[in-house]
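Same chain, two forms, each on its own as structure tokens: structure 1, then structure 2.
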Structure 1
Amino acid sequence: MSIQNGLSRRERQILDILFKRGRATAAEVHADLPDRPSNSAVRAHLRTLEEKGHVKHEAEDLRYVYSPAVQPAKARKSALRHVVETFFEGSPANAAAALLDSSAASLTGDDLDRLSALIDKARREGR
């Protein structure tokens, strides 16, 4: 399931909030949204996200607490795949090059070592 496909801008904003917080009530989501819609609109979006399988809820102290239905690692992969396909012609190398070009100055030695190890591993595995 691609987490980005089929979601409105507002639904993506709500999911972003839930991923950052881990879990939140509708009121907490509402407080974090830019250009806040009404409380009832937030609740409607949460219901829609739940129907689409992106969000789940638990009843807690007479209120619903929402959380992402997808693990963050899976959502990250899906979102990254979407960005690579949409903006980098499906090329992970182009995406990595763009990231390195824009943030090379802020990479630490540990960051560079980790990237080098990942590249070496990919070479060994024949990717």
Structure 2
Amino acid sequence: MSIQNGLSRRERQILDILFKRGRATAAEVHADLPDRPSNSAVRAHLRTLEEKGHVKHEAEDLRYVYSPAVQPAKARKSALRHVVETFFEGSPANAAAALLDSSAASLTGDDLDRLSALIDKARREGR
């Protein structure tokens, strides 16, 4: 189950923006939201998200800067697991293949080397 599963539509959008940017003020989040709600509404949501423990803030010269409360690594893993579960029958290999297949053109030589290395590593460990 995804980490974002108990959240409302708006809360999820806001949390996504925070994951994407790492950290952001209420105004920045507001600017990134698709259908331009009121700034006040965004702030209210940020406070709610903080209450629920999904977000934290620190004061930075007079304004609040928000960031996700979970470690990025954990969030990434959770997001991937959810996609693999619901769209790839639980097979990470299928997901990885789809990823490679649809982005083949944009991968650099370094990317490919890195992925090859990971595969070799898995091969050695799996033996």
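Keep in mind that what you see is a predicted model, and the values were worked out from it rather than measured. Structure 1's sequence is the ruler for residue numbers, which start at 1.
Student: Mind telling me which structure is the form predicted on its own?
Tutor: Number 1 is right.
Student: Considering only the two-part rigid motion between structure 1 and structure 2 (each C-alpha going to the part whose superposition fits it better), are residue 18 and residue 66 on the same side?
Tutor: Both in the same block.
Student: Report the rigid-body rotation angle of the smaller part versus the larger between structure 1 and structure 2, as an integer number of degrees.
Tutor: About the hinge, the smaller body moves through 18 degrees.
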